[in-house]
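A single chain, nothing else alongside it, follows as structure tokens in the form predicted on its own.
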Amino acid sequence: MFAVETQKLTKQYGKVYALKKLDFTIDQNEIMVLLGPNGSGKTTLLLILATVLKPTSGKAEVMGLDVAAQPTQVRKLLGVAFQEARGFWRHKPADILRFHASVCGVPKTKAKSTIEDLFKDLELWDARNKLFMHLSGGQAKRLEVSKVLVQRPKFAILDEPTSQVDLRGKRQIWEKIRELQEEGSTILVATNEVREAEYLADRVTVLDRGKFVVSDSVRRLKDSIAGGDIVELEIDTSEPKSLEKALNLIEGTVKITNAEENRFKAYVSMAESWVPKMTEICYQNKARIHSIRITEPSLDDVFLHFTGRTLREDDK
């Protein structure tokens, strides 16, 4: 059984489709990252799975439970960190987390130590008795994610969990999400931040304009781009043209350029298998390798490859 499964899931507002016939699965104990720009349908999918929105048509199940027909049972399994931090403006972070833990059935003794640890680990300790309205954007976001981390749900949903958070804070949150997975949670993260996706994902699902585009591991998505890896070489050889010709014959080579003497730039698929073959050819041709620099495609490049658009295009 999948932890999450949708079949032809559709959400329509008038003539506009936020999701259109989406088929989508998450495995048990997997971190799935939804990648797409604003307007791609990420948040709509999360809100349907969280039983906040009802689908127009199609089906969505969480742990075998239908989100439309069995919302109460689904909510018992869920923990949600919303895109916009939620909190009454005059409440304090410590009170907010204690209340959340109580509602979710976390024992008081366990909740107390967990909340203290989270405040320290996520650098919220000095802000624990501030009013919610006085928190910075980054502090409020840390607090929102902390609700899920206190709850330790079977299925965790996080919508842009590190927006407005500095790089140090992002890494702290990512580590906490990883710990949650290690304890057995299935996790769904929506983001348009490629660094976050690459750090967290067991698999990435690309959404664009409400439609499923592709789903796979980060490595396989990058390897699917022909010529996406760039290998820059500095090679001492007396016959650069002959070497260039030989390198072009390696399987996975898309293009070789030799703009400067003894400097080559190779556009290849799967550099990890191309480079060993290149070194063997250099040895056979008595060419000495001085340096190798490999640049792999990013998830921005993956999105562009599959959709023809950039992740930030809709934000302009």
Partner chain sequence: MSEIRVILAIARNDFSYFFRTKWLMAILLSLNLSDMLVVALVYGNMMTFEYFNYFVPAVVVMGLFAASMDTGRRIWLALREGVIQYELSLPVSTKGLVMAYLLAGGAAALVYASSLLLIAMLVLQAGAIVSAIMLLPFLFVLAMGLAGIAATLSAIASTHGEFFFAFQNVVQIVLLTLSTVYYPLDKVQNYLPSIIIPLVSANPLSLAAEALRQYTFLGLPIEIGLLTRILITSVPFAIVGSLAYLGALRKIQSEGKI
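Numbering follows the first chain given and starts at 1. This one's a predicted model, so the numbers in the text were calculated from it and none came from an experiment.
Note that the form predicted together with its partner chain isn't included here; everything after this is about it.
Leu180 falls outside the set of residues with a heavy atom inside 4.5 Å of its partner chain in the predicted complex. Within 4.5 Å of some heavy atom of its partner chain in the predicted complex lies at least one heavy atom of Phe99. Its partner chain is not shown here, but in the predicted complex it comes within 4.5 Å of a heavy atom of Ala50. At the 4.5 Å threshold, heavy atoms of His91 reach its partner chain in the predicted complex.
Proximity to its partner chain in the predicted complex, taken as heavy atoms within 4.5 Å, picks out 71 to 79 from the listed stretches 71 to 79, 134 to 142, 182 to 190, 227 to 235.
The single contact residue among Lys255, Lys54, Lys286, His290, judged by any heavy atom lying within 4.5 Å of its partner chain in the predicted complex, is Lys54. Exactly one listed residue, out of Gly87, Pro153, Gly210, Gly169, brings a non-hydrogen atom to within 4.5 Å of its partner chain in the predicted complex: Gly87. Each of Tyr13, Cys104 and Lys147 places at least one heavy atom within 4.5 Å of its partner chain in the predicted complex.
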